[in-house]
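Have a look below at one chain only, the form predicted alone, in structure tokens format.
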Amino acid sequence: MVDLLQPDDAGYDDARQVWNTMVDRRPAVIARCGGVDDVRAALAYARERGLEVGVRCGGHSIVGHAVPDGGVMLDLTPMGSVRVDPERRRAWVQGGALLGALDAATQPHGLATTAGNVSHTGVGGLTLGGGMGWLARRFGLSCDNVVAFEMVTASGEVVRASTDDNAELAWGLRGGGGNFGVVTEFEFALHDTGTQALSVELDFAAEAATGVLRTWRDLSAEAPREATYAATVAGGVATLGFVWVGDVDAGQAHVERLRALGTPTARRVVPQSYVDLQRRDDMTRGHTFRRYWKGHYFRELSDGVIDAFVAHHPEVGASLQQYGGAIADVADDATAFSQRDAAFEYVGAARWTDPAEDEQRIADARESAARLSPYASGVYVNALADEGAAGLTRAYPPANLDRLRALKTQWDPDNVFHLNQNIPPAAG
């Protein structure tokens, strides 16, 4: 029987906490689901009482979609197991698993699949939105590596989606978010990646970094797929470099190209395990900050983009991560995830602790992102915050959005799963 937590129960407050502490909503019930039958029972419970449904895994949604005020939160975190078949190079990942669990299960075999850059992110939310990570330029996005999905519909039906079963649903689950049901298991293709990686970071004073960033941009255009170029501007420091997953000696040789950037104020060339790379951006205080962010895609880093990036608000961290490679090998209409022609993703993120600063910090992030808006080609759906329907039109081209609406009409006509970047059913 599904474990139900109510507001007066021990553990309730811990269970409703998510990554962004601005989210302080109180579900009527938190259903801690240990398996498919628990998910079905929790959905039936919500349906019978007319309650909203939120689905929680890693809890990294910036707007806290997982936590419905007065509704039912399906907590999938007890469903966190990962099973690996190294001979077939397959991993079966439950819907509540975190990225760290996936890496911990696959890396003893020298295998991995594309996953995000913070180990306490949920596999489900990341993958259903697309799934960018350090392996994406070599092997495609997380969603590109899903062989099959197991999903529970709003009516409690358990279905499989793959190229052979419910193929159109599988298309939509590769980038369409949690709009169609609760995915309780992902079957991933794995790749022989080895266990080592290289992180390369060079620091420069932000006010002098414009020319350096332009050279870094030009170098990135010729980077092999093992390299993912990344840059940040925060606290007056511009940090430029790349992450290499593959032969570390080859990565070390690639470092020599960065001599063209000039002399940095600090230089970090760190060989490390792939697992440590995947944990390097974890924060021990990660669930204690108030947060807001805005995102963009760019088809190119024009001089105008770089100028606006360097002039970012000092209280808002700005980051760029390279796309291309295997991501762009996939046709734009082959998955619900679009934006295959993006060269870089930008995120402008603010974090703070004092509620009195909420309005100003949000305004700072919006203002910084607005400077870059004229150059943007779209946005990653997982980077959307509170943009609503306008955000969807930036995340999906019209043809893909029409297909997603048709799928929503077929699989969730009552829009039970609307606490997400919601794609409403097509008008009847």
Ligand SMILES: Cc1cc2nc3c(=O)[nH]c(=O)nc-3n(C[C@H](O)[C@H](O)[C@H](O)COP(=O)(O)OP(=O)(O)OC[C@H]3O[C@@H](n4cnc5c(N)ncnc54)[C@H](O)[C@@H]3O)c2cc1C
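Since the model is a prediction, treat every value here as computed from it, not as a measurement. The numbering used is simple: start at 1 and walk along the sequence shown.
Missing here is the form predicted together with the named molecule; even so, the following discussion is about that form.
**Student:** For the chain shown here without its partner, which stretch in 21-29, 414-422, 400-408, 6-14 has non-hydrogen atoms within 4.5 angstroms of the named molecule in the model of the complex?
**Tutor:** In short, 414-422.
**Student:** Given that the named molecule is left out here, which of Trp293, Phe298, Tyr274, Trp92 has a heavy atom within 4.5 Å of it in the model of the complex?
**Tutor:** Selected option: Trp293.
**Student:** So which of Ala342, Leu202, Val212, Leu126 gets a non-hydrogen atom within 4.5 Å of the named molecule in the model of the complex?
**Tutor:** For this set of options, the contacting one is Leu126.
**Student:** Going by a heavy atom distance of 4.5 Å, is Gly58 a contact of the named molecule in the model of the complex?
**Tutor:** Gly58: contacts the named molecule in the model of the complex.
**Student:** Spell out, yes or no, whether the shortest heavy atom distance between Ala66 and the named molecule in the model of the complex is within 4.5 Å.
**Tutor:** Ala66: contacts the named molecule in the model of the complex.
**Student:** Verify the contact flag for Val82: yes if a non-hydrogen atom of it lies within 4.5 Å of a non-hydrogen atom of the named molecule in the model of the complex, no if not.
**Tutor:** Judged by the heavy-atom cut-off of 4.5 Å, Val82 is well away from the named molecule in the model of the complex.
**Student:** Mark Leu76 yes when one of its heavy atoms lies within 4.5 Å of a heavy atom of the named molecule in the model of the complex, and no otherwise.
**Tutor:** Leu76: contacts the named molecule in the model of the complex.
**Student:** Is every one of Ala197, Leu219 and Leu261 within 4.5 Å of the named molecule in the model of the complex, counting heavy atoms?
**Tutor:** None of them does, since no heavy atom lies within 4.5 Å of the partner.
**Student:** May I ask you to list the residues of 346-371 that have any heavy atom within 4.5 angstroms of the named molecule in the model of the complex, in sequence order?
**Tutor:** Heavy-atom contacts within 4.5 Å come from no residue here.
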